[in-house]
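One chain is shown next in structure tokens, namely the form predicted alone.
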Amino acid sequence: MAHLGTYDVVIVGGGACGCTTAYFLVNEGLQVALVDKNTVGQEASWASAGMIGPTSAPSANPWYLQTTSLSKSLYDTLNEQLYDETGRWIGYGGDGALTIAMDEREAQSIALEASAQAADGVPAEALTGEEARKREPALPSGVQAALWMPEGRFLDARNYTATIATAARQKGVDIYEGQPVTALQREGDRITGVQCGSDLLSADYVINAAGAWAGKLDPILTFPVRPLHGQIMALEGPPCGLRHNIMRAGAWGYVTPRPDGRVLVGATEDEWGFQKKITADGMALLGVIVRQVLPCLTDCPLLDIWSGLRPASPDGLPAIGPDPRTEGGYLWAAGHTASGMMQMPATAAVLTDLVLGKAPRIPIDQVRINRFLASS
């Protein structure tokens, strides 16, 4: 067996989570390797719509509120920092998120949501229809009200992942692409590295950031994460452009802009296992989203359509931190379901704290893998 190297940390999975964690760790002076079965950034991060911003979600708090809030702050910093280091912008911007109401019932739900978000410390404001259209002229003329969350942002997740991977590599992270991990290396019950076919990488810590494939890495250290398929399309945006992520109260789906003028419309949720495909039903649902959320896009040219596999956990929250089935050396970082980019830099910061032996800056009790072990 060829020994490729000894590292402080080996990260399995080259998506946004793995690449961001590698970047943060190498900035701390650690020797880091990142291993991906294919090319870095080509799975869930490549397919993501990339909507960002602090959000309170009662069923997922406090973790969700804390990670989405910290991630927004970290993205603000990374946007400039990564440009300084690589000369590439990550495709980050926008003036907030708007949830629009087209009738009185939807308007009432928006008023309640604005109060709930504000009560949890998330900037949120209920707007009249006229105020909303001043902020976003492309909105339908019949908008009665809107919830404006000014901290909302859009992010080109593909460009972000490629850029932070480049920055990590420049700083000394060894990136092994096309190297599927075939086994974990053990000394007793401690994880000490990974095998990639006949090659071995040793490490003090192995971080499993393998997305929808995270639960298949080892037959003993399992995790009930599953692939949740999604289809998304890109349209040519309206002449006036868009400055906000846009949703409709009580309706499925969203529209989110890109700096180059495109707009993304998503997304389906399909339970098809590990296969990716574009379907007529998926296209039809995306068309319904356009008509319900932003009908001015109905006649805009279709530029692209794609699909990806979200790493979905049973309760919608990730598994973060150590696995009690080992004596150390193994950390989980998977299962963010449909909001991974919203939580990503904060997740990477927490993992960095754990590797450095510090108390995680966001408590992880709610997202430990233990909750699935107890239930099984």
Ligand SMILES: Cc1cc2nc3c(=O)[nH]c(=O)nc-3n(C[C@H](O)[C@H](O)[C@H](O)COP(=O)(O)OP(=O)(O)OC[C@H]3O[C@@H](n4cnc5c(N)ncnc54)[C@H](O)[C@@H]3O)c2cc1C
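As the structure is a prediction and not an experimental result, all values here were calculated from the model. One rule holds for the numbers: they count along the sequence shown, beginning at 1.
The discussion below concerns the form predicted in complex with the ligand, not included here.
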{"query": "Contact label in the model of the complex: residue 36 to the ligand, heavy atom within 4.5 Å", "finding": "yes"}
{"query": "Non-hydrogen atom contact residue 54 with the ligand in the model of the complex at 4.5 angstroms", "finding": "no"}
{"query": "Proximity of residue 175 to the ligand in the model of the complex, heavy atoms at 4.5 Å", "finding": "no"}
{"query": "Residue 337: touches the ligand in the model of the complex, heavy atom cutoff 4.5 angstroms", "finding": "yes"}
{"query": "Contact assignment for the ligand in the model of the complex, among 78, 255, 217, 143, heavy atom within 4.5 Å", "finding": "217"}
{"query": "Sole residue of 180, 250, 241, 295 within 4.5 Å of the ligand in the model of the complex, by heavy atom", "finding": "180"}
{"query": "Listed range touching the ligand, judged in the model of the complex by heavy atoms within 4.5 Å, from 23 to 31, 310 to 318, 323 to 331, 55 to 63", "finding": "310 to 318"}
{"query": "The ligand in the model of the complex: contacted by all of 15, 210 and 341, heavy atom 4.5 Å", "finding": "yes"}
{"query": "Those residues of 46 to 81 which, in the model of the complex, come within 4.5 Å of the ligand by heavy atom", "finding": "47, 48, 49, 50, 51"}
